[in-house]
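Encoded as structure tokens, the following chain is the form predicted on its own, with no partner shown.
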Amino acid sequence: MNAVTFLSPVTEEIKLVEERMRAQADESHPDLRAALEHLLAAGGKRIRPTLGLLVGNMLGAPLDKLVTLGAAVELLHTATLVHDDLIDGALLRRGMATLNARWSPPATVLTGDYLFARAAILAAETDHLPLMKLFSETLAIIVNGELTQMFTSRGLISRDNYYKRIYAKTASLFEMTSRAAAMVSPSDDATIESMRDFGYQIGVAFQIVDDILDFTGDQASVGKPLGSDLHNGLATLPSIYYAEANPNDPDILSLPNGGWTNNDNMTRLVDNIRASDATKKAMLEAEQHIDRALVILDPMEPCAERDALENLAKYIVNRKV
């Protein structure tokens, strides 16, 4: 599935979103401007603002509000990545040096803080109070999820913990984006709710596929060592499927007691998971979420944006990075 198939209806609008993002550094410290340029140069497919633009255009929302929303969402996402990379000690993202590889930890934290603040300003510029409230609630969910992951998730093999974690980490932002785009359009509550659910379903699938690629992806493309989640003590869906099928595996049994700190054992566990059917089972689960998302689109009037949303949903489970 070529990414262009879902980007094509909003190619020009995405350029407007990027311009709006760059403008957030116009009056800031020169080093902050340089940092923002570095972060934007790292690219990414801008899936979240694309989702907002497609939903909003399909439902007749005003373009200026969608561009503002798209810039707010992508800046918020970028800010979370800045802090994530610092927390994880990651030196590369999308093949480029992370901010914390170039700057000190205090400077990196402050840059992330600045991006959060600018994202909040943009959300306020939509002049839509319920959207601003939703934006703030989503940020709180993301940060709370990070803290939960840091303090209570390591070594834990739990579906409940996993689903809560991926909602906080990823699905909540997809959910907020599609819901907010519907909120600023002339749509009824039922349509807003269906778009919220659409964002939720593709967001959950997106993170499950990310977690699969952590085992099966090309290391150069993924941009981090394979199995890095397990080496950090985090059991994602492929690990959970493997643990359910192999409850007596000594490496699985070691996880609750800090077994992830043993590099050789975790490398062996990653190899065993890769050789099992655990990633296939996880992919089937991701595909079920995409099937639910496609059903949500069924009642929508046929248009280029609706087709693009279908293609976006399908792309999420067909991507390689």
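For every residue, the number given is its place in the sequence shown, counted from 1. Just so it is clear, the structure is predicted and the values come from calculations on it, not from any experiment.
Keep in mind that the form predicted in complex with a further copy of the same chain is not shown, yet the notes after this line are about it.
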> Any chance E244 has a heavy atom within 4.5 Å of a further copy of the same chain in the predicted bound form?
Replying inline: no
> Is S194 a contact residue for a further copy of the same chain in the predicted bound form, using a 4.5 Å heavy atom cut-off?
Replying inline: no
> So, in the predicted bound form, is D264 in contact with a further copy of the same chain at a 4.5 angstroms heavy atom limit?
Replying inline: no
> Would S187 count as touching a further copy of the same chain in the predicted bound form under a 4.5 Å heavy atom rule?
Replying inline: no
> Can we say H83, I121 and H128 each have a non-hydrogen atom within 4.5 Å of a further copy of the same chain in the predicted bound form?
Replying inline: yes
> Exactly one stretch in 179 to 187, 146 to 154, 227 to 235, 166 to 174 has heavy atoms within 4.5 Å of a further copy of the same chain in the predicted bound form; which is it?
Replying inline: 146 to 154
> Which of these residues, N272, Q288, S254, S28, gets a heavy atom within 4.5 Å of a further copy of the same chain in the predicted bound form?
Replying inline: S28
>> Just to confirm, with a 4.5 Å cut-off on non-hydrogen atoms, which of I240, L110, L213, A90 contacts a further copy of the same chain in the predicted bound form?
In response: L110
